[in-house]
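Listed next as structure tokens is one chain, alone, in the form predicted alone.
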């Protein structure tokens, strides 16, 4: 590829010095609210005049302080985020929101709130079953969440504030979808590493600045007359949050192309929209409970068969596999990630049913495993070429 443009160089800088802009805003008096999961309703934070900031870990930073306060059988991604917070990497935060998602987050909430001296902590209790009573319960939880933010910022968070926040976050999601479109070409116009870095950085910025950054990236990628890459196997990444670029870089350095994903900080974060024509709390409840397809949430199997169950649970995989014409998929999970770990056999069955070759990797969220990953990925790419 040619020399990087100004906007992609800025993406690199914000990725390497993660939280740079949040630090600046914090010094100016803006409240930065950290989160670590797709289930945190970001619109509520924005409506309160605060900035939602997605915490990330670091596979090259040994977990030391974190292991003194959190059990080592906890998901290593969560432990890494917690470890960095303890070491002061996120000392610009005004608070954190943790949802009822995986056990590592639910059981770790007490460790976070006890260990970090932040003025604001809130636990969003999200139902694990999607049914009518769940939406009613969740709307009450969202109202409690709104009240807690009002106490923090000392002003009301109105429905008009929420509607405005919904609109600007939906704009963000629309721009992300437009970036994904550049990956449908063969070979893709935009690499998986470029897009993933952009999305990681975008989640660290105020939503209006995030939208401006995405507009600049869209404009820059739109000037590419043809793909700067050579043809190669088209890969889908499936799993939880993948916020370090090493996995995608390995695939792309070996001649493959990460053209789509079903990961938390990818399509799971950015694909579902909030209905702007419904009452704000109702619309937010529908988006986060029914719209986000995560192993932690149970949806009724109306077909009553195993085949019907896996189609209902993993239909998004089939959709993205077909839309982006993938040649294979990598199911990438972390050790002790129970929600995805429990689903591995069923996910494998679904990939087999849609005839997409699959490589399953269970990793430790550590730079020490890169060599092992490279060997297995190279063999997989050679198999599907």
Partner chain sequence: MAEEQRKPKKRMTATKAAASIGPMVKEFITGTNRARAEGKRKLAYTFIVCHHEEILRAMDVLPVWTENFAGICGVKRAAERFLQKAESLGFSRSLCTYALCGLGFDQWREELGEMPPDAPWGGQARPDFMISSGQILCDPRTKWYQAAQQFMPDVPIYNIDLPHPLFDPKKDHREVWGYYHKYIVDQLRGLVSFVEEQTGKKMDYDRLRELVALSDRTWNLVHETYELRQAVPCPMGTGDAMNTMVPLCFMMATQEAYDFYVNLKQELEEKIARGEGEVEDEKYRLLWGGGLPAWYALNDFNYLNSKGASFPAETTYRMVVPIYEMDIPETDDPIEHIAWKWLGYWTHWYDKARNRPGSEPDVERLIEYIENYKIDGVVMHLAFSCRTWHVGLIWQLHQLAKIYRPIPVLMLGGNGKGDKVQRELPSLILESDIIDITSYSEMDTRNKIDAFIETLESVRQTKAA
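Keep in mind the model is a prediction, meaning the values are calculated, not measured. Numbering follows the first chain given and starts at 1.
Another form, the form predicted in complex with its partner chain, is not on view; read the next lines as being about it.
- Proximity of 74, 111 and 309 to its partner chain in the model of the complex is complete: all three residues have a non-hydrogen atom within 4.5 angstroms.
- Of the candidate stretches 245 to 253, 279 to 287, 158 to 166, 135 to 143, only 135 to 143 contains residues with a heavy atom within 4.5 Å of its partner chain in the model of the complex.
- For the residues 313, 224, 89, 173, the 4.5 Å heavy atom test against its partner chain in the model of the complex is passed only by 313.
- Among the residues 47, 37, 337, 317, the one placing a heavy atom within 4.5 Å of its partner chain in the model of the complex is 337.
- Although the partner is absent from this view, residue 115 contacts its partner chain in the model of the complex, with a non-hydrogen atom inside 4.5 angstroms.
- When contacts are judged by a 4.5 Å heavy atom cut-off, residue 304 counts as touching its partner chain in the model of the complex.
- Though the partner is left out of this view, residue 12 does not reach within 4.5 Å of its partner chain in the model of the complex, counting heavy atoms only.
- Within this chain, residue 273 is remote from the site of its partner chain in the model of the complex, having no heavy atom within 4.5 Å.
- In the model of the complex, the residues of 329 to 355 lying within 4.5 Å of its partner chain by at least one heavy atom are, in order, 335, 336, 337, 338, 339, 341, 342, 343, 344, 345, 346, 348, 349.
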